[in-house]
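Presented below, as structure tokens, is a lone chain in the form predicted alone.
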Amino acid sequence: MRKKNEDKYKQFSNELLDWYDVSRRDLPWRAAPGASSNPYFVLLSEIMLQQTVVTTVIPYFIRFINKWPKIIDLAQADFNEVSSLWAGLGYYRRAKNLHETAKILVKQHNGIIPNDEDVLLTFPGIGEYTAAAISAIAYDTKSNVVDGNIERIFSRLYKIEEPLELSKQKIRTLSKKYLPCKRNGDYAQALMDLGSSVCIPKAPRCQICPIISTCKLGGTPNAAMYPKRLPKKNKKQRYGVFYLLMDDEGSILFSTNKNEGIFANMDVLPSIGWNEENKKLESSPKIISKELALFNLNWEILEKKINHIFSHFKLNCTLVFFRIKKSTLNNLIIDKKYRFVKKTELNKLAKPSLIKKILDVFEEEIVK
């Protein structure tokens, strides 16, 4: 029986690698067939790919390596530049973690990314999956790389009835048995490609799957129902007021977050009520009360409101506007953390996608 199982695991990896040799995706961080991977490219791409799809990451990755072709270049970069190039990619703490990791690697490891998952796990923003992926892809280490795509493959392969939230460890144990003796980096990327292009969530393309002969659900109508999930919880609602203060030359008031919160080190509009431990709004305000009147100004509420979805909550945004004359600015007490930014300089800011969305609304409704 043991020999039979070993043959099954070997058949799976061999068929998958044969398919990968023909069908592999051409991605800018991947080494050519038979060539060694660039560990820096692997590290950079894996951090960018955390909770972000490949098509979104590609242009950001290219911009980063054009700007900072080696890890020492990234380590020596000013973080404002890094966050500016990252703007729009989301999950902004990753940019800070990436920059901090680059500095640690240069300072403590001579710019060499270690082939040791335990060491990799000590770096900011690197968890089990990312550490395993770097080890496997960059150094061909026999590491068990398991992401959402791979969980889906093995859930279907074994027809696992337990919801994914409860079967993750079982999947890790099963998937580890299939690791090949060589070409571990290719094998990990082959699984990623299979999950991305064939064993997809809603309409799996079983008819072109290279490992269908070993799959308990392959080709059946029920395949799309796996992995099973626990019932979804409704996202919590939050409410925030976002302020656009514009002077008579069109400059807009911004601040730069410190290394904290959802938009760490990003350039943002003033806001209140949604991201504080205290003073959270319980609903969208219909009037701007004295407590909400930033700088004691008579803010105008825009009719148009926007919603923004974060991973753990839905944000309902109330947008308010005030145009101020430069001649009266001296009479206004504004904290030093704020600064006016000229309209022509807005593109240089590291703005989260939410702030971009809000600025677009202001552009449509106010700025003529």
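In this text, residue numbers run from 1 along the sequence as written. This one's a predicted model, so the numbers in the text were calculated from it and none came from an experiment.
Another form, the form predicted in complex with the DNA, is not on view; read the next lines as being about it.
Proximity to the DNA in the predicted complex, defined as a heavy atom within 4.5 Å, holds among 180, 148, 163, 111 only for 148.
With the partner removed from view, the residue among 304, 325, 312, 336 that has a non-hydrogen atom within 4.5 Å of the DNA in the predicted complex turns out to be 312. Although the DNA is omitted here, in the predicted complex none of 24, 69 and 143 has a heavy atom within 4.5 Å of it. Interface membership of residue 359, defined by any non-hydrogen atom within 4.5 Å of the DNA in the predicted complex, is ruled out.
Put simply, residue 11 is far from the DNA in the predicted complex: not one heavy atom of it is within 4.5 Å. With a 4.5 Å cutoff on heavy atoms, residue 31 does not count as touching the DNA in the predicted complex; it lies far away. The shortest heavy atom separation between residue 51 and the DNA in the predicted complex is within 4.5 Å. Judged by heavy atoms within 4.5 Å of the DNA in the predicted complex, the contact stretch among the candidates 122-130, 69-77, 248-256, 204-212 is 122-130.
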